[in-house]
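Given next, in structure tokens, is a single chain: the form predicted on its own.
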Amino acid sequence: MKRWWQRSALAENELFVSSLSSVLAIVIGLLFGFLLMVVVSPSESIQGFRIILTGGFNDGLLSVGSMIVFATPLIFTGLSVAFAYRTGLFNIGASGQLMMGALAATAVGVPQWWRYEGELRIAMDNPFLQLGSWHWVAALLAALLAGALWGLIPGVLKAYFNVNEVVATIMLNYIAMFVNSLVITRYLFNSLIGRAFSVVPTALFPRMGMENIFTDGLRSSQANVSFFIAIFFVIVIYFVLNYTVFGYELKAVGFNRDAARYAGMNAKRNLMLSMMISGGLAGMGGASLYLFAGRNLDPVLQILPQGFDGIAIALLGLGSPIGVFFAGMFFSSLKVGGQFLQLLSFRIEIIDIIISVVIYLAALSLILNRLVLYVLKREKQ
């Protein structure tokens, strides 16, 4: 009798092989984490592994809400990297675009700015306060626009000067870091807390009653509408890439720019648009990271890691918008579960090690693909 994979011709199904490779990366990463916990504390290893597997469900709906909050910026940045990748570009600059989006959203949302007359610093009211209930929408759009403009820079360099987008976006990450520090300390700084001013309530993402759902009766999570906005863009990007002429042209330019130009497509315009859309998605990730209570931009010289996490999520999600969503939720579940590991004798860094192993294996997807193909085709060969 033929084996099930021979009957179904799964060995020739590229999506199945790639998906199995991602699952294999996750399984190996989890097993590596379990072995590490056995070495650290054998008596608690099984309980600790169960905590990791249950992840964001360890504390009921409250931890589910925390998982949603943590996953939202990861979904945005993963979607940003995946979109650029599907159009033939490797956007390493999602962190910089996210930081510029966070800066723009905060600038729109704070109660006041500083202006200067010589050396004299004078407070002035933020004119966006007059928007009322639309204030948070303006902050989100500002983040989208800032990220898109920051993504346009490497797009122009690539389209007109053939500058490698990897080099350009890496450099722009550092420029974004310094721009953030400069703007915060000079125009948005609150000396009482040593960070940017707190965003006013009208600029925070509406919670839409989610605080009454994701709660344990005493505490409630910061889950808000940004999660549904992320889902909306996952659907939109999936539709654009797979069912529109515009998406087809973007992918065609990515596969072969010369052939696309010969077919009458505007390759330069599509390259710039691709990077703009990718940057805009990352910029909204920055807004989702700071437009809720208790978050303030800090002027420290540090690149936010969520953009780099987005690269791993895009790899693990196979570059598909739907895959990015599930990969983002998986990473978030691991992170939230890692916090509960501290109830035992484990340190939270174990979760970072597991995620690192998964990332490395996801990056080595070609090797895993060959391994899966070898297993599936062994008898046939």
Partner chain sequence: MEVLYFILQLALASSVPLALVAFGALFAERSGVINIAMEGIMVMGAFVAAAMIVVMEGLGVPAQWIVVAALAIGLVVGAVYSLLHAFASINMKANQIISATALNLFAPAFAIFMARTYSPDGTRQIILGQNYKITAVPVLSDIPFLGPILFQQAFLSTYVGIVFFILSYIVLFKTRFGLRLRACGENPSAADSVGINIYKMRYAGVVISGAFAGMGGVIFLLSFATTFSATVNGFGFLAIAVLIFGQWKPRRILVAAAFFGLMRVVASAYEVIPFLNTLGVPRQVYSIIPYAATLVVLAFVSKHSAAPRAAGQPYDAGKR
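Throughout, rigid core stands for the largest set of C-alpha atoms superposing within 1.5 Å between the two forms. Not measured: the values here are computed from a predicted model. Positions refer to the first chain, counted from 1.
Beyond what is shown, the protein has a form predicted together with the partner chain; the following relates to that form.
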task: Sort through 178-186, 196-204, 218-226, 246-254 and report the only stretch with a non-hydrogen atom within 4.5 Å of the partner chain in the predicted complex.
output: 178-186
message: When the contact criterion is heavy atoms within 4.5 Å, does L20 count as touching the partner chain in the predicted complex?
response: no
query: L315 near the partner chain in the predicted complex, any heavy atom under 4.5 Å?
result: yes
field: Contact of A138 with the partner chain in the predicted complex (heavy atom, 4.5 Å)
entry: no
query: Is there any non-hydrogen atom of F128 lying within 4.5 Å of the partner chain in the predicted complex?
result: no
task: Answer with one of F308, F292, Y238, W114: the residue that has a non-hydrogen atom within 4.5 Å of the partner chain in the predicted complex.
output: F308
message: Please identify the residue among L144, A260, L157, A107 with any heavy atom within 4.5 Å of the partner chain in the predicted complex.
response: L157
query: For the spot marked by E44, V234 and M329, is every residue within 4.5 Å of the partner chain in the predicted complex through some heavy atom?
result: no
- prompt: What residues of 244-263, in sequence order, lie within 4.5 Å of the partner chain in the predicted complex by heavy atom?
  reply: none
query: Just checking, between the shown form and the other one and with the core aligned, does G56 shift 2 Å or more at the CA?
result: no
message: Using a rigid core superposition, assess whether L343 undergoes a CA shift of 2 Å or more between the shown form and the other one.
response: yes
After fitting the core, G323 CA displacement of 2 Å or more between the shown form and the other one: no
